[in-house]
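Heads up, the chain below is alone and in the form predicted on its own; it's given as structure tokens.
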């Protein structure tokens, strides 16, 4: 129970279904903020209190589990390391993989529980993960990394509901979080300033900003962690392109510390190579599927070749701003076939 409306209603529905439910709030920071800043951040002291108040209304036991060290090791430190390596990670996906459905699930099973229930908007039918009924809230993308065994011990009671219905239900149940804003941005960066967060943890390593087509040096930068593929603002260039059009980050070379920039059309990619696959679909090649490369948007038709060490994805339509380190999730209709981490694009 995060202290938000979704997990509170998920707990209520699990109890209504006849399950023996225990509410658990995860303490993910050694020094949690006292209060949230509207929709920024989560896991604050305020969130913990809200979760406890909801558990009291639902008349279920409530505990706080300290996962701060595990969260730091498995989510925060890899997030920093990925940016230092010129990649773009998705910490929410890694939190689901490493914390909620690994560390938490392992402890829960060890204590005799059968499943972890969350407020994610996704459907799970006969062990198959599917998109949520509410397309605007669908979170199957950040759950695409889960294994079959993890899905077998998961419950997503909100998958068939619209968010408006969930809020109305929370109000009807007398839950104080009924109108609480959803959390946005990265939970461990409540300020929303990712660059400032990274600069405090990664030593400055200056490099060159270069034109991808000509190789001409256009400027200098303080470190590759300040950039991601597709970025337009904050490049620090003193003069525009000869044609007056804006430049975008096209590629990041962490060893040479060169950041390549160029026109927006150069961001188009038509193929992805990946690593660390989690696959639930048929082996070999699959066609007439769709892939998603961001939590919101970045969807295209594709054909996928499945190998033990990764997926080769041929896109049926180009996608822009796809960066190594992001996840690609493969869908057959609304069914999740699997996922992998993007290693390279072309």
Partner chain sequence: MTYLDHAATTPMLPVAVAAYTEALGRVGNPSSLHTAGRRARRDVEEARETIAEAVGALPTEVVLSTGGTEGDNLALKGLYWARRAADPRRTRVVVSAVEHHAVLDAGEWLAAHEGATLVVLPVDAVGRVSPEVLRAELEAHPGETALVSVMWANNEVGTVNDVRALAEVAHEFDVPLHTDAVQAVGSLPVDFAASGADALSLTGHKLGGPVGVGALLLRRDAVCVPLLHGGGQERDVRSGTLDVAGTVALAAAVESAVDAVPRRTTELAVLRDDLVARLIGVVPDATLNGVPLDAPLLNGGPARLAGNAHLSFPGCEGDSLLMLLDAHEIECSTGSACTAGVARPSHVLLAMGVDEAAARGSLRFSLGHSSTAADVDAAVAAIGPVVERARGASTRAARTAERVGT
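Note that the coordinates shown come from a computational prediction; the quantities given were computed from them, not determined experimentally. Numbering follows the first chain given and starts at 1.
This next part talks about the form predicted in complex with its partner chain, which is not shown.
**Student:** My question is simply whether residue 292 lines the interface with its partner chain in the predicted complex - judged by any non-hydrogen atom within 4.5 Å.
**Tutor:** No, residue 292 stays farther than 4.5 Å from its partner chain in the predicted complex.
**Student:** Just checking whether residue 152 would be counted as a contact of its partner chain in the predicted complex - the rule being heavy atoms within 4.5 angstroms.
**Tutor:** Taking the distances in the predicted complex, the answer for residue 152 is no, it never comes within 4.5 Å of its partner chain.
**Student:** Could you tell me if residue 74 has a non-hydrogen atom within 4.5 Å of its partner chain in the predicted complex?
**Tutor:** Flag for residue 74 set to yes.
**Student:** So in the predicted complex, does residue 320 come within 4.5 Å of its partner chain, heavy atom to heavy atom?
**Tutor:** Flag for residue 320 set to no.
**Student:** Heavy atoms within 4.5 Å of its partner chain in the predicted complex: which stretch in 292-300, 61-69, 309-317, 273-281 meets that?
**Tutor:** Looking at the other structure, the answer is 61-69.
**Student:** Counting non-hydrogen atoms within 4.5 angstroms of its partner chain in the predicted complex, say which of 92, 202, 235, 109 makes the cut.
**Tutor:** Selected residue: 109.
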